[in-house]
Each structure stands twice: as structure tokens, then as C-alpha cells.
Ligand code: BES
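The chain below stands alone, shown as C-alpha cells; this is the form predicted on its own.
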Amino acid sequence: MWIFQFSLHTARLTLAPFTPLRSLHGRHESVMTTHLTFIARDIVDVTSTATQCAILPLFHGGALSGTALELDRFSSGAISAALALGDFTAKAGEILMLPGVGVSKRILLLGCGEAKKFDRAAVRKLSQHLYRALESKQATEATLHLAALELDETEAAWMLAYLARHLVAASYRYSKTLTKPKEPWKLNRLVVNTSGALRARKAGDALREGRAIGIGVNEARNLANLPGNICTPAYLSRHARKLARTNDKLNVTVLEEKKMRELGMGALLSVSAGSEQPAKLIVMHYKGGKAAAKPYVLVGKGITFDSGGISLKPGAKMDEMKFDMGGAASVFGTLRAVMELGLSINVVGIVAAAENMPSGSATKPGDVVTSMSGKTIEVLNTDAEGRLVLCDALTYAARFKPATVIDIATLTGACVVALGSHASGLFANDDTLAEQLLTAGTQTHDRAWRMPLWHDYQEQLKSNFADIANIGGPGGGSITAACFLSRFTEDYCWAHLDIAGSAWDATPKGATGRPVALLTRYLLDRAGQ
């Protein structure tokens, strides 16, 4: 939990010691943060405040002033000498580490390029360079002086939120199944000298937001990176219950296959029919708002391994299908961020967890199954299984009388073809919701791009033997998949995020934790924070 200590000139945000969860084999999970502390101060006296590394961002061609001038005097002109000699020109991405004096052991000069070109993209690059520079010196504590950047209050707050998020996320290392994981360098404390750019309390809020999102991103990455023989539907249900034990606002219910049969979830159960791993419908209800307030529902595709079933996938890169629960992982990660922030909002996370395997009991192409909604579905391709688990979960979501429902799924290769890895595909039956999500994605640089959901594409899902087919042919595959889901979301405001391209990287291989940042920002906005 966070401990806040505010004074007139200081906002201190401290992360209490975190006890990692235990794995099935007794080894610690590779979860996420350490004793990381962010401290925001209105004024820092560089002559008396001890630090391992004083960080000074500078613009190309800019004159030294304020804190920069004070640091230069304190270091006997070392900064101005480096500038005069051309050893440091403050071009974007340039770094120079100077030996410190007195209470400052080092002075790190960060090049920000030309002031007129310093935008949010430059801030993102700056955050990367800062992390690498601190890591190269194994500095466990540092002080960042913001004054030289001359940012307005809004941009300064955005920078601090992004920086905190990046520092937390960049520290993530997978270690679950490694016998001798490399002990990562850990930044324990970052002091931010706002120097009047914004008040310490607002700076503290920004750091708190960024840290929480970073923790949520790492939560999602950690789950998605786990191999399919460990991260099964049962594992996800246990993990949900462990999360609930850390926060009294979170209640968890797990529906077993017997209950799903009683509810008529034939679509979801058709996916797990060929696996020895029973399906789970995991419902996590965070009650941070008023009891009568409608919840925001997040529905995650949780295919813990996708072989394609009888419609077997090619062997090449099939190992990456452990990432097919990236949507479910993002639901866990977003709820983790919401709990860290203590948002005054009601959120329901639903994870439809199953393993898609071929066997004598597996669903076959041409089989017809009945969904919870009563609609029948002709399964033309068992590798189009994500929409089958989601459609029953989306029907189940209606019982919460939601404000909005957003499903997140690594649903189609067609979305990767359309958008690559830079943007998640966004489909929605409500323009306002679509714009809110697009704005949240832009704000966090976890971007989405709106795709059409026109009725014309519904024609491709016609079936001679059922109410609807589970695929719509080769054209517009991501769109017809969204059209399929839309048949089960007619009673509420709904959006679908296809994250097949954004949920993991191929080089180096690993989960990205997207779109946790987008979803958390969306919920922060709904909570009025």
C-alpha cells in the first residue's frame, strides 16, 4: 500500500514492502516492484541534499539558469566547461555523466534537443535514456531537477506520470522458470525537484498514477509470460483469489464447468472440450464506488494455450500461443492498477479461461453449439475459439447492469495484418465510448485505432445450419470477428479491443502489458481523477 506524507514543500510516496506470491513449485513469482519510493519536492537545496546522482535535463543551445546554474557553481563550473568544450551539446538523447562534488556523487546531464521540439515523444525517449544511464552506474537513488525544462503544469504532470510508469515497467525481469535468474539492478528512490513547475502534491499524484500503471503493466506481463503448463485456467483462478486477499474491496467468484453448463454456456465449453484442463469463468468485482453505481466491466479472453484445436495451427511459433491469454492478463493488470490507486469506482473483471486442444472429445469443424444467449453457432474453424469463450462471457456481463463493457482479446491475425503492433484495433457500438478509449490511448501512448463495425460485414457470418457461423471468410477477418461479438452485446454500451498485434513482442519475445495503460486511464477519467 502507499503511505502518503505531505508537508508544505514535500509529497512523499512510499511503496510498502511487497511479499511475492509463491509458485506451484515453491519458487517466488517474478512480480514486479521493489521498495521503490518517489518523493516530490517544491524546492531542493543542491548544496545540502545528498544524492547518488543529480539529474539535469538541458536543452540544446539553452543558457544555464536556476537549479542548473546553482549546480554549475557548486561543481566549480564543470557543467559550463563541458558545454564550452563541446563534450556535451544537449542534443536529444545525449548523455554525459560528470563526477559530483560534496553531497552529489554524480551529475548526469540529459540532452533534450531543441526546446521547440520537446514534446511527449521526446519525454518518452528521455525516460528511456534516464533509466539506461542510471542502470549503467547501478545508482539506487537519484534526484531529478525539472526546472530547466520550463514545462507548464499539465505537461510536467504528464511527464512525471509517464516517467514513474516507465521506471517501474523497465525494471521488470521474468524469473519464474529460471533456476538462476540474474538479479536486476533496482532503483529504490527517485526525488523530483519540481522547482515551481507544479506543486509537490500534484507532482505526487502524477507519480502515484504512473507507478500504479507500471505495476499493472508488469502484472499483465508476468501472467502472459508464464508457460502454458503453469498458467492454466486453474492457475488464473487461484491468482485471482490471491489478489482478493490483498484488498478487501475485491471479491472473486469462480464458475466451474458444472455451473457453466447450468447457465447454458455451450460456446465457452466447446473450446475446453478437448482439454484435460477444465474451463473457468473468473469474476473479480472491485467495489470502490457507491453500491448503486453501475460498474465498468472488463472481459478478457483467457485462452491459456491455443493449439487451434482440431483446426490445428502450424508448428512454427506455436509456442507464442501461450500469449493468447493476453486479454485476460490485461484485465488482471488493470484491476491491480485500480486497487493500487484505490479508485472510487466499481469495476468487474471477467476472465473466460480455457485451453484449446485437439483430442477425441474436442469440438469438430461443422459442430453446432448453443451459447448462453440461446443463439446457435456453427463452428466452421476451431481456431476461431476466442469469440466462442467471449460471447458467453459477454452475455454473462449483462447481469451486472454495466455502465460500459469492454472486452480485450488477442483475437485475430487479421488485426496484425491491418495495424501491425503499434495500435490495438478498436470496435464499438457507441461513439462516445469509442472516443473515450481513443483519448485514453493517446494520453498514455497505448494507442488504438477505430475500425468499422458496419452491418454489411454481418452478411459474411450467415450459416445454413445455425443462427451464426464463427468465421466470416478471408476478407475483413478482424471486423467479422467483432461483428460476431456484437451479436451478444446489443443490450449495453460495448467496445472490443483486438490486441493480437500489441499484446506481445517477437524480438525480444515477451508480453508488453498492453492495453493496461489505456484501460487504467479510461477508468481514472470515469472516476474523475
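Numbers for residues come from their place in the sequence shown, where the first is 1. Everything numeric in this text was worked out from a predicted model, so none of it was measured.
Absent from the display: the form predicted together with the named molecule. The rest refers to it.
- In the predicted complex, the named molecule sits within 4.5 Å of a heavy atom of M321.
- In the predicted complex, at least one heavy atom of N381 sits within 4.5 Å of a heavy atom of the named molecule.
- The named molecule in the predicted complex comes within 4.5 Å of no heavy atom belonging to D407.
- Contact annotation for E340: none of its heavy atoms lies within 4.5 Å of the named molecule in the predicted complex.
- None of 301-309, 122-130, 368-376, 157-165 except one has non-hydrogen atoms within 4.5 angstroms of the named molecule in the predicted complex; the exception is 301-309.
- Between the options L485, I479, L58, A500, the residue in contact with the named molecule in the predicted complex by a heavy atom within 4.5 angstroms is A500.
- Contact with the named molecule in the predicted complex, defined as a heavy atom within 4.5 Å, holds for exactly one of A147, A398, A414, L98, namely A414.
- In this stretch, 502-523, the one residue having a heavy atom within 4.5 Å of the named molecule in the predicted complex is W504; the partner itself is omitted from this view.
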